[in-house]
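First, one chain by itself in structure tokens, the form predicted on its own.
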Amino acid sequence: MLRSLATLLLLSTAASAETADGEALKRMTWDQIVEQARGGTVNWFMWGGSDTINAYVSGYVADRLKADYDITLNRVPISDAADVVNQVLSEKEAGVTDAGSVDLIWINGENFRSMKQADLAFCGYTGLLPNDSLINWDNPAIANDFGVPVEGCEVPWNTVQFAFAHDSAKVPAPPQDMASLIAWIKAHPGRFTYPAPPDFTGSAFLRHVFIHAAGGPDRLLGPFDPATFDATAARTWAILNEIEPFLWRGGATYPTTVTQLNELFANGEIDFSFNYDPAQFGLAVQAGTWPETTRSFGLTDGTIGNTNYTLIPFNSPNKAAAMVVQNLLLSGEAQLEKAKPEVWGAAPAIEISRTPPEIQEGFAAIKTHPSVVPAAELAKAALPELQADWLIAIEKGWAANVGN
């Protein structure tokens, strides 16, 4: 009897090891993965700065997972995905290879590059997700994350494009390109600011100025080029230092987060806010924190667009359950739900034409909030994201030459 118990314990231990083993999962069918996932818990680390996004994840997504798969979704709010990357890296250095604390991350850009380069991501499994068929992997903006090939290491969740918001009652004719915006800032002291990098949104504004200083994105695409960076950076720092005395509080201080920027706009202290996700403008109006006269716009010389993703760390002990979460997030139903303006208004990461007719009809029936510039209008002048090496150099350069 004791020998039988020992054998059972040994088999149980081996099964547990295989559960955490991503290679074993890749050999399973989807039905087997779902069965493996049932009853599990997924710790999803994600930016927690939006009440509406939090409500969608903790409500709609979590409820569907519990009802359909008995999976518990634990949303872990964070302010910066880089902190989670460092957490997973620390676990790897400590030898934690199958019992990590993170099962899923909302991520993109340099944080994805860091995880991929350090072998911190679970890769090569995305084709197993049934809803992977809804993704257009032939689209370079999907297949590459800030210029870094995805290669089965993450799953797209939303597509976004940068836009500016203003109160049309106060600024009826906002500047339409970056040169005009720079001139407007100088003509209206104290009425504009931007979050200090490395805040994600502040860094994005900085890249728009950098692209403007370069005369467009063409010379900045591809791998980092020190000579091009140095020449463009000198012009960029000159522009930013020139406008600094005309910023909010005379440029003596900068907001540290986009949340603080939004609060300044809500309080009427500044005349513009901006965001990678223009749907947030409509949600702020609906919440009563921004005026009904809020409107948004892009720039005629373009604004940056990109895709954001979810990623499973290499040492997640709940990979099967995390895969089920990713598959649900990709579904036509879940993408339609978050596209509704009253829920989130997020642009889908899937090809709507590949979804069932009722989902396509649902998307067609959505009416954009009047405060939100239509995605199709923004897309007419979309700028590509720069590769991560450019981003890192730009942020460090700002800290040394402007932020100091």
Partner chain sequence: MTDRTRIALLLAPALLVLAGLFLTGLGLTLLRSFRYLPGLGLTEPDLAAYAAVLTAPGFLRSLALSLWIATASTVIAAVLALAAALLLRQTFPGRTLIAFLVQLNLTIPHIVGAIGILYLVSQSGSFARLAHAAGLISAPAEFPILTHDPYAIGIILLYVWKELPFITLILLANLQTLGEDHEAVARSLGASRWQAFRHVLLPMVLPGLATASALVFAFAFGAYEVPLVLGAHAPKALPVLAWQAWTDTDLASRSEAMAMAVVIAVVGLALLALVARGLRLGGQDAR
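Numbering follows the first chain given and starts at 1. Not measured: the values here are computed from a predicted model.
What comes next is about the form predicted in complex with the partner chain, which is not displayed.
- For the candidate set 276, 254, 122, 272, a heavy atom within 4.5 Å of the partner chain in the predicted complex is found for exactly one residue, namely 254.
- Only one of the listed residues (138, 218, 230, 83) places a non-hydrogen atom within 4.5 angstroms of the partner chain in the predicted complex, and that residue is 83.
- Partner contact region in the predicted complex: 244-252, out of 178-186, 144-152, 220-228, 244-252, criterion any non-hydrogen atom within 4.5 Å of the partner chain.
- Within this chain, residue 72 is remote from the site of the partner chain in the predicted complex, having no heavy atom within 4.5 Å.
- The partner chain is not shown here, and in the predicted complex it never comes within 4.5 Å of any heavy atom of residue 306.
- For the chain shown alone, residue 114 is a contact residue for the partner chain in the predicted complex, at least one non-hydrogen atom being within 4.5 angstroms.
- Looking at residue 196, you'd find a heavy atom of it within 4.5 angstroms of the partner chain in the predicted complex.
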